[in-house]
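Take a look at this single chain in structure tokens; it is the form predicted alone.
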Amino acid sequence: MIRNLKYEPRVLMHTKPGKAHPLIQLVLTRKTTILLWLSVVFFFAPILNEVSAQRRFSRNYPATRNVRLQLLNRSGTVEVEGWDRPEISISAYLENPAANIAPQSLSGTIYIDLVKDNQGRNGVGNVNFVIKVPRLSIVDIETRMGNLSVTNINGGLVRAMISTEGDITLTNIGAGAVDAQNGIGDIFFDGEMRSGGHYRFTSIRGNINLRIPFNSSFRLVATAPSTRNISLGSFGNSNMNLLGNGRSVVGRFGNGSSTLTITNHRGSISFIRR
């Protein structure tokens, strides 16, 4: 036993230069393996955090005959689509830090106010909405930043407002009144204009394109003060008058049964025949 105890140090001392002893090599190999696994964990950690960074909110509400959706978002996309079911479906995808969402249903109106629900919080992540409502609903959407899309709505009002930047897309709209406003971004309207209806489109910088049937009837005031870029297309006639060296177009198409006001401070205005 004494010889074995003295023998082991000699083996370590007589190991050839440049070559680690097998025991040391085993320890180093294990340390390398541990470091490798730690590297794998740290590499995938951001990916796992990114996957878990998005949460989903989902809720359904029964719809009354006259339903109204009023949504005030901070930032993120909003998609609203009309369908034939007597209910409202709200889905939201929340990015970290997740915002608080507390919808309220009062007297046939669904209220979603993310500004109020997150008052005093800084750095709240985007909230991206996908909402389905009955086709005859009143839709009132407002956000600070992000694209807005409303499709297949024939109710009394469609209001879409972006206070800073984002595109507004309104397709297959038959509402009696439409109000679309943004700061920087395009506005596209594809729909019909009801007799006695009021339609207003306003942008600071972007393109405003209206695709409407040729049998539409409206009184028009269109203004593009900076670009003077107003294209009436098939809707130009002798009842349309250019004012201010092309900065405005005022006139009537058909019998003028609805009112249409378009203002684009630094962009174009174009009419497209549907």
Partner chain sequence: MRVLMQNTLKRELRTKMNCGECQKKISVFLDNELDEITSATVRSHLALCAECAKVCEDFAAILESCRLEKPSEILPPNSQALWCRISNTIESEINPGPKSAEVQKSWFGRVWQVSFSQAGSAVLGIALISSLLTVVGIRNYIEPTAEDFTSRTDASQTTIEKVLSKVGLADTPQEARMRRFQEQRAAIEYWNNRVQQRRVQWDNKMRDAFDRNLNEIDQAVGEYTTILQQDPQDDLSGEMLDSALNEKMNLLRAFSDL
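Please read all numbers here as calculations on a predicted model, not as lab measurements. Residue numbers count along the first chain shown, from 1.
Keep in mind that the form predicted in complex with the partner chain is missing from the display, and what follows is about it.
Visitor: Can you check whether Thr223 is within 4.5 Å of the partner chain in the predicted complex, heavy atom basis?
Guide: Answer yes; at least one heavy atom of Thr223 falls within 4.5 Å of the partner chain in the predicted complex.
Visitor: According to a 4.5 angstroms non-hydrogen atom cut-off, is Asp140 in contact with the partner chain in the predicted complex?
Guide: No, no contact at 4.5 Å.
Visitor: Do Ser75 and the partner chain share at least one heavy atom pair within 4.5 Å in the predicted complex?
Guide: Yes, Ser75 is a contact residue.
Visitor: Answer with yes or no whether Gly244 is in contact with the partner chain in the predicted complex, where contact means some heavy atom within 4.5 Å.
Guide: Taking the distances in the predicted complex, the answer for Gly244 is yes, it comes within 4.5 Å of the partner chain.
Visitor: Can you tell me which of 183-191, 132-140, 78-86, 98-106 lies within 4.5 Å of the partner chain in the predicted complex, counting heavy atoms only?
Guide: Going through the listed ranges, the match is 183-191.
Visitor: Only one of Asn152, Thr202, Asn147, Ser91 has a non-hydrogen atom within 4.5 angstroms of the partner chain in the predicted complex; which is it?
Guide: That would be Thr202.
Visitor: Spell it out for me: taking the partner chain in the predicted complex, does every residue among Gly120, Ser248 and Thr263 have a heavy atom no farther than 4.5 Å from it?
Guide: Yes, each of Gly120, Ser248 and Thr263 comes within 4.5 Å of the partner chain in the predicted complex.
Visitor: Enumerate the residues of 145-165 that have a non-hydrogen atom within 4.5 Å of the partner chain in the predicted complex, in sequence order, or give none.
Guide: Heavy-atom contacts within 4.5 Å come from Met145, Ser163, Thr164, Glu165.
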